[in-house]
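Heads up, the chain below is alone and in the form predicted on its own; it's given as structure tokens.
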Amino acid sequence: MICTGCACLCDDIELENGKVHNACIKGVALIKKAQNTHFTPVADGRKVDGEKAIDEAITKIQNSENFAIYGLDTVPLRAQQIAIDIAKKTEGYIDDASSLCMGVFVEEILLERIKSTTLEEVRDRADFTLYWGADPFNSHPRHISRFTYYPRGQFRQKGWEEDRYLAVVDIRESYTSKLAKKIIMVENDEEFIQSLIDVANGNTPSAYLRDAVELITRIKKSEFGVMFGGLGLRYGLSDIGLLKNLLDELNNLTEFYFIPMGCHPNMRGFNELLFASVGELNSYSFRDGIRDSTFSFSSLLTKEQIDTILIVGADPVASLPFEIASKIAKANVILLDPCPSYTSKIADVVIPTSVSGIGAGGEMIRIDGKKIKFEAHSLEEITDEYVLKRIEEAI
């Protein structure tokens, strides 16, 4: 089966007599939770059946004047597309977590301003891997062993001992950095990026001279390099153009690629679907026909511009800053989610749905842009696709 515990979407998971094989701690936790969680539909504080909860959700959406959809990063492509169609029909807002994290990287890739590649190509060919502002040891536990440092790839049969070089750039030591052959601690990401650009051009940088020279020298020796950019890099950049300039310079030295380290299993899927529909990745208003930071979910909440919210597979009460998350309860909240959460505690309508890869089949797009298809292993629960289709048909 396919594990949807993170954006690696590992395809070698096995279930046997209730036991989970090959999955990491995140995957096992997700599968066990799916098997053991019993969640009751709720409508305005009353326990109801699933169909009644859906009817209540439809009524609230039909009566809404300023409607928003948020989340969607953990559900299959088909469910995401239906949600986009609902936002269009209602002239509502739609956004996902990428507006706060990996969206800026994915956009550059989709616009072909940054060269990217697949995880299989990295596994088979990469001899230089750089994790920048990322700790996959914790965020994507099997990433290092399956794709970058430890696997025996087609052209890298000697593995980490001889064929692969791992470097880490971060503001602090991490579990991943303990595995690296080169660790660079930085206080300013943009300053270090500029130093790398200077060295690549044969100039003397004003900071990080020794580290920049050593890293560039090692990249020059490589045949196939890849940078995985995490949240640390995302929040350390005020100008994505600077990163693009660095990657252009590195491609003058060797074959070099970039892959964003998104955590949600199908965040990139949502980005690609919305991009194909309207040419934008997130923070989109169908009423205004444009994308703008003022239409991000956080901004809409801050300004209290929405009266009804459909949240799909997300827990913004837990993930957003308190001063923003506290405003969620001021709107009518409809939640589609497999498990209880902080958001389910304040939602007006709660509709339990199946976990993707367990009770729902479909397709997702991995962090590297590869489409992954998976089958359902049980058919006991309502799927996100079913609920969203019911809503779309009713509005």
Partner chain sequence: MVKLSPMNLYQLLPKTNCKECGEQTCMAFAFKLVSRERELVECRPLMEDSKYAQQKKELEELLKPLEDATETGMIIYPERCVGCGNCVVACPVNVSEDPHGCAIGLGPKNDRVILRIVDGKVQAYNVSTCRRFGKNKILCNGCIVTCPTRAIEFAEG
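Numbering follows the first chain given and starts at 1. Just so we're clear, the structure is a prediction, and the values are computed from it rather than from any experiment.
We do not show the form predicted in complex with the partner chain, though everything after this point is about it.
Using a 4.5 Å cut-off to the partner chain in the predicted complex, each of C24, R142 and K178 places a heavy atom inside that distance. Of the listed positions (P151, P205, G92, P316), a single one reaches within 4.5 angstroms of the partner chain by any non-hydrogen atom in the predicted complex, namely P151. With the partner omitted here, the residue from R146, R125, R234, R291 that has a non-hydrogen atom within 4.5 angstroms of the partner chain in the predicted complex is R146. By the criterion of a heavy atom within 4.5 Å, K32 is counted among the residues contacting the partner chain in the predicted complex.
In the predicted complex, the partner chain lies farther than 4.5 Å from every heavy atom of I346.
Using a 4.5 angstroms threshold between heavy atoms, A329 stays clear of the partner chain in the predicted complex. The partner chain in the predicted complex is approached by V28, whose closest heavy atom lies within 4.5 angstroms of it. Proximity to the partner chain in the predicted complex, taken as heavy atoms within 4.5 Å, picks out 170-178 from the listed stretches 170-178, 320-328, 265-273, 185-193.
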